[in-house]
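In structure tokens, one chain follows: the form predicted alone.
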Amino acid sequence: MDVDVIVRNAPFIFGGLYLTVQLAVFAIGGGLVLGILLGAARLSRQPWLYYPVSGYVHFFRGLPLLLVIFWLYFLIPVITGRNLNEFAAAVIAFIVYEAAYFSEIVRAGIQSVSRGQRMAGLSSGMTGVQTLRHVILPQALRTMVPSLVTHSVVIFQDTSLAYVIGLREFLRRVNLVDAREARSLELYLFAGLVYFILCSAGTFTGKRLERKNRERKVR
């Protein structure tokens, strides 16, 4: 095995890893914010809000992420008349797609908070939005955290799909180095090891938070 191939190309490969982490951070942050809004809207009793949002969630959950990345990369320039670079297109695609999944986690988390908490918030003079923001969401987030962490790990793994629009993220750069150096075994073993370490750290964090949440409920 020639591990020097990794050392020789380390700046190029780790530049791709940095891009992958950036994409994951934007996708998770943006997807979660939009997902909270969609999740709250899914619990609305207003038909004009509930049905369009439910349609959005079901639509994107019924599509493969790869297709959404393709669509947004090619359709946005047609609609807006302005070209998007690969990174911006990937970020937008991940946010609109992952928000649909985050919204279901948020919806389940909000529903796990007892109705009495909502009534207590309303009876203290808060509006429905204030009750959601100050009473329900803080409690629901504690329940959601393990699921949110697990889904964030999945998003990190999925960032490799951005290669289809030419984004030179981590795995794409490994592929490019392999095409030049012809060292598939060393390079893909290294790529697998990097993904394994980072995803295992996320999974371990999720399990730890889940255990803490379970212990808190027992008390």
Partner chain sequence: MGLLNYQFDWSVLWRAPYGQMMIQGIFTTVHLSLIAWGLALVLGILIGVLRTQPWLPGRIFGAAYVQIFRNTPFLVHLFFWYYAAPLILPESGQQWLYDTVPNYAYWAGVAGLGMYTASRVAEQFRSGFSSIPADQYRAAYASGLRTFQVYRWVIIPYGFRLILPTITTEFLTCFKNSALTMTIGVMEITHTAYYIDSFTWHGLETTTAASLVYLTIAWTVIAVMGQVEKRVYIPGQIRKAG
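All of these numbers come straight from a predicted model, not from anything done at the bench. Residue numbers count along the first chain shown, from 1.
Beyond what is shown, the protein has a form predicted together with its partner chain; the following relates to that form.
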Please check if Tyr18 has a heavy atom lying within 4.5 Å of any heavy atom of its partner chain in the predicted complex. no
Can you tell me whether Ser44 touches its partner chain? I mean in the predicted complex, with a 4.5 angstroms heavy atom cut-off. no
Should Asp178 be counted as a contact of its partner chain in the predicted complex, where contact means heavy atoms within 4.5 Å? yes
Flag Phe87 as yes or no: does it have a non-hydrogen atom within 4.5 angstroms of any non-hydrogen atom of its partner chain in the predicted complex? no
Output flag, Gln22, Leu122 and Gly125 jointly within 4.5 Å of its partner chain in the predicted complex, heavy atom basis: no
Any residue of 53-71 that, in the predicted complex, places a heavy atom within 4.5 Å of its partner chain: His58, Phe59, Arg61, Gly62, Leu63, Pro64, Leu66, Leu67, Phe70, Trp71
